[in-house]
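Here we start with a single chain on its own, the form predicted alone, put down as structure tokens.
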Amino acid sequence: MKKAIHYINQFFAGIGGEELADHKPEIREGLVGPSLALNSVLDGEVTHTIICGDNFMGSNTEEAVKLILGFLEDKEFDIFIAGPAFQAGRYGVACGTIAKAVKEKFNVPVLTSMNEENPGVEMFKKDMHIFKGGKSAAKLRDDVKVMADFANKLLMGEKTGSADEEGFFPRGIRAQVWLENGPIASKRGVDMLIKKLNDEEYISELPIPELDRVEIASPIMDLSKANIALITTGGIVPVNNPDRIQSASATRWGRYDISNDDRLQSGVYKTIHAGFDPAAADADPNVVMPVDAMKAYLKEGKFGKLHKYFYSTVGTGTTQAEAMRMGKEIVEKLREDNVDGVIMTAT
């Protein structure tokens, strides 16, 4: 029987949430959490489950990868499956990081699943099959089934289809396909051209991806005269959250006057971000929104002016479309106030 090893984070292992996101890697024999669902639809056996806290993987990547690869040294397995990670950014990056390392070390197929908004997609889609998943764990069984269907083909040596046919994100690989029947290429090309000339719908056989590139801004030539603003996706807001910014999947942003503050005071400001443990940021909001450091640099003359407002929203789960909209709205305000540069802080 073919053997698989499954990777999940501390939350899906039932260990805990953010308070235990620093959980060190461990390996357990048998099934844990989502491994049960995976094992039920896999033409093979999930023999071991690897668990690692998202923060540990993100903050101690080299150590985490080394430990996990060590766990696998004496294990027999035919495929490695991570997740699904849904829209959880740190989980997606963790799944991609360890899956890539396993592929390079052991030369076995690796699979994972993420929502299209997960940053792990862009980071790792060229390195492995990443299947298009749901936004939340409500889609766990569906996402696991899609991964397992493809895994079964690999395990059984069956022919696999294209990204569109199988449901994974395109990897930038073009494969030549010979049609068993149908019109020859020249006729298909002419037919597409006629449809295009007549403004009719057609599907290209060689799609060209649209690249959303942002031009690099010109450097600030004289910092001594520059007006610098602070922006964060870390959810730092006044304690009453006057703009009702959501703690996840944000659609709102706020700006707050710091012209008379040398630092952000605990109890006056806090974080409403749902993607990390808020204890440190609530105790000292400056660890996310460094007003204290910027005011100190201002007094030292390292730049000309600190913009009177800082801007804040929440990044976790926020869609690319909403992020772009909010970014454009904030830029309008920055231009009105003649801001020369921005320091963007995350978490």
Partner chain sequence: MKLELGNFYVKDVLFGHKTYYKDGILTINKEEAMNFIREDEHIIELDLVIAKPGENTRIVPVKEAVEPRVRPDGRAVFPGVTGDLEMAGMGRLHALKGCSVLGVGMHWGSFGDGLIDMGGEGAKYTLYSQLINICIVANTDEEEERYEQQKKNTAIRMAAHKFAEYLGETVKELEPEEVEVFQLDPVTKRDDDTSKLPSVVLVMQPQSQMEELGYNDLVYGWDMNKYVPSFMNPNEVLDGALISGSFMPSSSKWSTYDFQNFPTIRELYKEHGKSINFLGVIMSNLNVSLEQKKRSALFVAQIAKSLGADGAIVTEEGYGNPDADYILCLAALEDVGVKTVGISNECTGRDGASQPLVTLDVKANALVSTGNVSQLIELPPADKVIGELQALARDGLSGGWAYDEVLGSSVREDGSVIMENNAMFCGDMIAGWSTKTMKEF
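Positions refer to the first chain, counted from 1. Remember, it's a predicted structure, so these values are computed and weren't measured experimentally. Only the largest set of C-alpha atoms that superpose within 1.5 Å between the two forms is called the rigid core.
There is also a form predicted in complex with the partner chain; it is not shown, and the following applies to it.
Contact annotation for G172: at least one heavy atom lies within 4.5 Å of the partner chain in the predicted bound form. The closest heavy atom approach of A138 to the partner chain in the predicted bound form falls outside 4.5 Å.
Not displayed here, the partner chain is kept clear of L223 by more than 4.5 Å at the level of heavy atoms in the predicted bound form.
A residue is said to contact a partner when one of its heavy atoms sits within 4.5 Å of a partner heavy atom; A217 fails this definition for the partner chain in the predicted bound form, lying far away. Only one of 257-265, 75-83, 229-237, 181-189 places residue heavy atoms within 4.5 angstroms of the partner chain in the predicted bound form, namely 181-189. For G182, the Cα coordinates differ by 2 angstroms or more between this form and the one not shown after the core has been superposed. If you fit the rigid core between this form and the one not shown, you'll see the Cα of E201 move by 2 angstroms or more.
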